[in-house]
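One chain comes next, on its own, written out as structure tokens in the form predicted on its own.
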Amino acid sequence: MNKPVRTRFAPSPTGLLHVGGIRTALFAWLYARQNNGQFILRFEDTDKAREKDGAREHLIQSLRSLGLQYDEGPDIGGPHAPYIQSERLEIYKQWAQRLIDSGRAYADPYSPEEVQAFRDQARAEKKPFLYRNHRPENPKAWDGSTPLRFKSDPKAYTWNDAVIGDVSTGPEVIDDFILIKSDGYPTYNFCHIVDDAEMEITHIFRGQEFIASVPNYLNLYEALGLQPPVMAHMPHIMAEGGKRKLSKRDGAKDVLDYIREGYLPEALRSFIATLGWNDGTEQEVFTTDELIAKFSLNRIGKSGALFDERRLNWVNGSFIRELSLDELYERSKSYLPKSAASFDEAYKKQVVGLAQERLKYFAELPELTDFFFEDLPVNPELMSGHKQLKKTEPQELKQLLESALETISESSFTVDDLTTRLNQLLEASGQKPAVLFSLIRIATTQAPNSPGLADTLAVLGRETTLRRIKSQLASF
């Protein structure tokens, strides 16, 4: 194919955009960018009963939030506008007329009840139902009040799918299908072929559930005298356990939920790209430039890809750890707890810097950092539930903490000095680090976990650290 590469993402505005739809868009976007081509957004909104208010805006926001900029689309226009199918009805009627004129489309005269009777008859005879077996002999001229059906030409097909490989089917899978419904709206089976032809789409990316319909599509391409685009049917994304396709009930979240929770767009692109694709190496995390350079159709797998949110957290965490402190702060500051508002920027930067190694996504920041901004109440359960501290008598813990207070109070509160003094106290007490350091950590943070103890105390500072240790001592 010597034409300039043109790919498209053509969602129906019927709900939220989940990871499966985003992967389709991402693969189409990567392929277009890799080949210096164009990526088009088109809304397929011919099923008006299922359309949801706000879905179009949501789809646009989702793509933009992930950095998948399109070159033509409903809100930016382009040479093939409009990019909303409900605004292209006259175009579909013109193409439908070509089929009528060539004898390849006819007015469907049957009521739903009559069609159901045909189905029941086929079932009783233990035969597959084929609408073409019931074509009217002398159909009336189509006036739009009844569905318009494609008059198929059953035949065998062999074609190459860019992902699946060579596929062959027999004439038994070809049937007459509706082109335009009685409400005047075209079906997906018809309008996506027209739109792709008009918009000069060269490559189609979509899910494997469409593969069974390809023979009918090929039949229609032939009837319209069109060369089919390259088709790439991608494997399903599977829920944990790998036994069924990922769905909302399995935790398939709206992609904007991930953005709102503080997942980085570049991390989401890397993670989603590797759901069903790899570059043939052991590499697991990719920059977007690497994805564009390495993406290839022949490296998309044929089997289902397992969605693992733990792996997503690991990928996102690895991207977070690569951020400079300034960038980390700018991208995470809106997630800090409300109590951080009264602190200066330098202090808040120190805090997010300490949390950086442990962050999986930014929405964790309040839980991980709230003790840096306010004195939390003494929580006895943190000690009674600690597997080491609960074995130690309270009086011994109190004595240890009193020694810690004395030692720490003499520190200059640099990380190096605090580290030295804490290690000296550990040696002098003869205690395990899990006892002594956990005791001090709980007393100064009232949190089950925290960054390195010396780093934490250095950021908290002398006054806060000593005040909190005294509060813990008063609770014994």
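Only a predicted model underlies this, so the values are computations on that prediction, with no experimental measurement involved. Just count from 1 along the sequence shown to find any residue number.
This next part talks about the form predicted in complex with a small molecule, which is not shown.
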Review point. Taking heavy atoms and a 4.5 Å cut-off, does R206 contact the small molecule in the predicted complex?
Key: yes
Check your understanding: Could you tell me if D47 has a non-hydrogen atom within 4.5 Å of the small molecule in the predicted complex?
Key -> no
Point to revise | 4.5 Å heavy atom contact, R6 and the small molecule in the predicted complex | key: no
Exercise for review: Answer yes if any heavy atom of Y188 is within 4.5 Å of a heavy atom of the small molecule in the predicted complex; otherwise answer no.
Suggested key: yes
Study note, to complete from the structure: In this chain shown alone, the residue from Y361, F210, Y157, F373 with a heavy atom within 4.5 Å of the small molecule in the predicted complex is F210
**Study point:** Contact segment among 198-206, 254-262, 325-333, 86-94, judged by heavy atoms lying within 4.5 Å of the small molecule in the predicted complex
**Key:** 198-206
